[in-house]
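Both blocks below hold the same protein chain, though in two forms, and each is given as structure tokens: structure 1 and structure 2.
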Structure 1
Amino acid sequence: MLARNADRVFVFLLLSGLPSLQAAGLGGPVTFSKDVAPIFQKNCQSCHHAGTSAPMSLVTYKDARPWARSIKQRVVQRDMPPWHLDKTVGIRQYKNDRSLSDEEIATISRWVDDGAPEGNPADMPAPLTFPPDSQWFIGKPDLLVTTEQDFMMYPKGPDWWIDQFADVKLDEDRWIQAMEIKPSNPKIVHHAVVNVIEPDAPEGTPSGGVQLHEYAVGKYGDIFAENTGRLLKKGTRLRFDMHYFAIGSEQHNHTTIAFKFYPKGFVPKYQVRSVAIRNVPNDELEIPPNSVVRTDGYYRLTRNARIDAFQPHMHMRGRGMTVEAINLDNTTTILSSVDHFNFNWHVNYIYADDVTPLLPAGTVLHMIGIHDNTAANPRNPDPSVWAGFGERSVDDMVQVWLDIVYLDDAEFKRLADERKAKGGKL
């Protein structure tokens, strides 16, 4: 009996690796140099290094140590890294997933509980290098579009949200292969969401345009998958929805979006469009004081579709959003659910290639939005007032942006068969 147990412990040792044993309290002390620094490199430092808008660097022990308590709190609440999905439902694989595993959270937590020791500096992984501000991650751009007016941010005061604009100067429509947004002064920019206001937008398109691309600290552009692209139309005006911080002295910023195009004349096989599901008609959003409210929106797919990404959009009272498919056989499938939405972050959840939802024409997409207008919501500006639809941050919204690729029957069948052959789900 004893021997069998010993075997089991041995197997457990082999399978689980050191950090988890330490988190479970079986190994030596958890140290910054050996256990925590590798996690920070992988999940935190792209944002938390010198020169970004994140409040501190998490590169060296000296940088991180004073923040230990706050780090534990943010990590345990899954506030940091910013990734707000309920990881227990719906699709589990995303290309840009930066969340921590339960094991990593336990390691960080145990490190803090043990007094946040440094350990042996010789155990530190080699330091990462970060691309210089001037470098475009997507490669050499074909077109740069910069906001028309310089923005001046006051030295002290609350965060500021403002729309800035720029015209796209193109002689003809072009297919985008990659895009990237860069503020000139990243220290004061929390996020930028760029929308396209197209010259021939169909009736019912919001006057502020449809979403194209977003930037937040730590983000270095998006490159479309092979033979996949999005059309940038001649005559388009861009709206940059900016979120600024004050940092103690007067600051200025302009924001640039860079595009790389497919060669002229090349038309990608998979064409990405941005579709917004809202609670139309009239965005009838009603959020009475001191209440939690659910709002539903529906969108019937008239063509077969592949969904490449989803991005919930709500404001300060937003708490959760679920997107599900109501299938042709009247079953429903949850695609994704965000259970701790945070208006400070505009996260685009990009499905991994093998799990992108493949939905036949006739499927109904169902959006469920939850707003929390009670004092329990830490971001609620005032639980005693009624809120409804509006552009200001203190008003609210409920919509989800989907990156959709429409597929003809033959291509839909081909992709579905390929997926089934790999044992995957549609």
Structure 2
Amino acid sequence: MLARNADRVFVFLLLSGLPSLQAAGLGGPVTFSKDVAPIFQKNCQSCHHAGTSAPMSLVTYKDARPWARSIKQRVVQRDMPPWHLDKTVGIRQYKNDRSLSDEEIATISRWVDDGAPEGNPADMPAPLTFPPDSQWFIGKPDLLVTTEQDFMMYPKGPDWWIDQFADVKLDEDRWIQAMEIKPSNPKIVHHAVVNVIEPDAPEGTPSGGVQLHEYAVGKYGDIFAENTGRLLKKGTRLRFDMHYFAIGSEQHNHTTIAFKFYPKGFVPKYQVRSVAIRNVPNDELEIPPNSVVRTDGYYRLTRNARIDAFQPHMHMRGRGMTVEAINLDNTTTILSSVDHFNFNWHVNYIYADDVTPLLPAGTVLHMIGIHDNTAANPRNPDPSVWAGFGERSVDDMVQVWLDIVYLDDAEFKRLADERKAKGGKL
């Protein structure tokens, strides 16, 4: 809906998915201890506990009660937890789905509307323990690679783009099972893109290497599907494409990428690649003042493919993005649609194994981006000015990262037949 009707984006956002309290079956009193705390434990407390960058803890009633009205507003609008998919279209099952159900939203709403009562403290679930905020989302790494020199950002001035480097210390080639990038000082980092410069790169490979992984605000690491990985070669040099911005005081940063490997000697069956779909050329992105604009991009699959993950990338005027498949019979199938993009959370949506899109060679992937350059967009830096493609946060972008596994005809047929036998869709 959002993808095809940019002019109706605001009506959609206002009316989509408001939960029904009657449907949730909440007949008795709703209390924090019995009803709300378990939801917070499952969906919220991993970020909202003492010692994290979250603005409040949601571990105890005392922590959460002053924020009750704000909590209701954010969950009803589906701003929190950060999961910005339109749940009414496309693929519905994801490995990393952290969203609240309609029933959970209704429970929180009812709790707030009834005065946010604590209830019986004896009903509280056992408290959780949390790893340090510095711990890696992908788990304990096998290898850490950090930029060679500390970087100093000046207190005031324009954004700064710089390449930083580091060497990979490996005795042999290894297959990556998961990876994650962390800046030591995320307050000044807009993005970090890590490229691999391989010792035996084929002729024609860019001198700056090929992309391996990206960090953006609110993004966790990549954890690949079973028996799927990327090869990291012995002797590789990493180029960290860094984008910094000033915050009023001198700041320092170094950036680290963490790797988890498959066991030595193990070669995964599938090799995954990170592919970006964007509008080409970039200067086609035009967002006039006080307007809502749609932009399209296309990517033709020259080989059979399995799509493992979907991650939109826009800046502060970005409001929505859809990826659909234009099939060989000229029909279209929506794969995923983000209808309330938030620049503060670059979420990589990882498809569940039994619903990963299986697409034959010749399929065209169609990206549809929506930018909102009006005063109705609360993150818009200035609706009175024209915006276009640019690296700064006050500029904008429109692209989607896809994790793609290419398949030969025999393997594609095998996976497709297995899916059909289970009653699933390709």
Ligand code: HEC
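Note that this is a predicted model, so its numbers are computed, not measured. Definition used throughout: the rigid core is the maximal C-alpha set that superposes within 1.5 Å between two forms. FYI, numbering is relative to structure 1, first residue = 1.
In this pair, structure 1 matches the form predicted in complex with the named molecule, whereas the other structure does not. In this overlay on the rigid core, Tyr244 has a C-alpha that sits 2 Å or more away from its partner position between the two structures. Relative to the superposed core, Val196 shifts its CA atom by 2 Å or more between the two structures. Taking 2 Å as the criterion, Asp163 counts as shifted between the two structures: its C-alpha moves by at least this amount when the rigid core is aligned. Core superposition places the C-alpha of Pro206 9.9 Å apart between the two structures.
Aligning the rigid core between the two structures leaves the CA of Asp142 offset by 2.7 Å.
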